[in-house]
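Consider the single chain below, provided in structure tokens and representing the form predicted on its own.
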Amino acid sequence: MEKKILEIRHLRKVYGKNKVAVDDLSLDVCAGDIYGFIGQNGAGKTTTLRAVTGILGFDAGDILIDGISVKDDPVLCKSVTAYIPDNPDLYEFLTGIQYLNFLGDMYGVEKTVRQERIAKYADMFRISGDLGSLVSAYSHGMKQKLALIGALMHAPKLIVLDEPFVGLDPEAAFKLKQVFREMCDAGSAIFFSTHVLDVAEKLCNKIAIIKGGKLIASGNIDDVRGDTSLEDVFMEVLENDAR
């Protein structure tokens, strides 16, 4: 039986009095899953991701991470989760290494383990020589790489990412896909939103399509796309919406 790392149960989020951003959404992400979450802008993807990571409250339903409700114990849930938004907001007055050590302290990562992981991922993403520089001097792509290293340092059970490949150079995107597979082989789970359907189709074993806050399809990618392509399935969803 697959171990469920993330369980979203009948999630509902309303902004203001009547703007329903997410409506009765349920899905499971299991250990070893690379789970893609696709939909148009405003479909409810980012709202869902922020609710999963405890950044955003919700109006109904529940979210469990490794069996623990984010409502009951948000700190414990966050301790086994990593979240990287589409535009990481980092502490720009710190150097890269100071930022990573701050995260290491926050997550209680032992010093030797921390150093090994920082060295591994900084070398992988080719920013070892920039860790002594202030984050304010980093390009967007470098900030994204720093955020990735910080997210991976405590070996989270669940990694949540919002458009993780935007802004990354081709080599870094390739390395990130390798990291995804490495983490999942070790028993973690990846849940990420993307507009790049080709990436989702090649990388993910599971997929969910959201439209207007409602889950339209979810499950094994082969079952969702059937005999066609993921792009064709997605375009059919949009065409049905336009009719």
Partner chain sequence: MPAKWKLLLKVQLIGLLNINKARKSDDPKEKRKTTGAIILLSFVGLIFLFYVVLMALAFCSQGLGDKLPAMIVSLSSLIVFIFTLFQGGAMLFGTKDYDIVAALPVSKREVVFSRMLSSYLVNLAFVLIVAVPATVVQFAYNGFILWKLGAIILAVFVCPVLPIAVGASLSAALSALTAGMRYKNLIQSIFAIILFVGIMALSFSFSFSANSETGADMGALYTMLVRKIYLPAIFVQMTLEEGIVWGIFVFTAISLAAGILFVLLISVFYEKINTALRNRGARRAYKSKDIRQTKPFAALVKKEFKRLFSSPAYLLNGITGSILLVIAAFALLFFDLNDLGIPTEQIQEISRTFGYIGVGAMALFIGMSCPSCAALSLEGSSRGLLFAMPVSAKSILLSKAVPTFVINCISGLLFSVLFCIKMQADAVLFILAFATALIFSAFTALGGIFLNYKFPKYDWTNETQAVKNSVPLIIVVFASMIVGIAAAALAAFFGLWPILAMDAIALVLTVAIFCSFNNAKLYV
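Values in this document were obtained by computation on a predicted structure and should not be read as measured data. Residue numbers count along the first chain shown, from 1.
There is another form of this protein, the form predicted in complex with the partner chain, and it is not shown here; the text below is about that form.
- Taken together, G16, Y99 and Y107 are fully in contact with the partner chain in the predicted complex: each brings a heavy atom within 4.5 Å.
- Between the partner chain and the residues L56, A186, I68, A60, the one pair within 4.5 Å by heavy atoms in the predicted complex involves L56.
- Although the partner is absent from this view, A137 contacts the partner chain in the predicted complex, with a non-hydrogen atom inside 4.5 angstroms.
- When the partner chain is considered in the predicted complex, G129 lines it closely, a heavy atom lying within 4.5 Å.
- In the predicted complex, the partner chain sits within 4.5 Å of a heavy atom of Y83.
- Contact check for L168: no non-hydrogen atom falls within 4.5 Å of the partner chain in the predicted complex.
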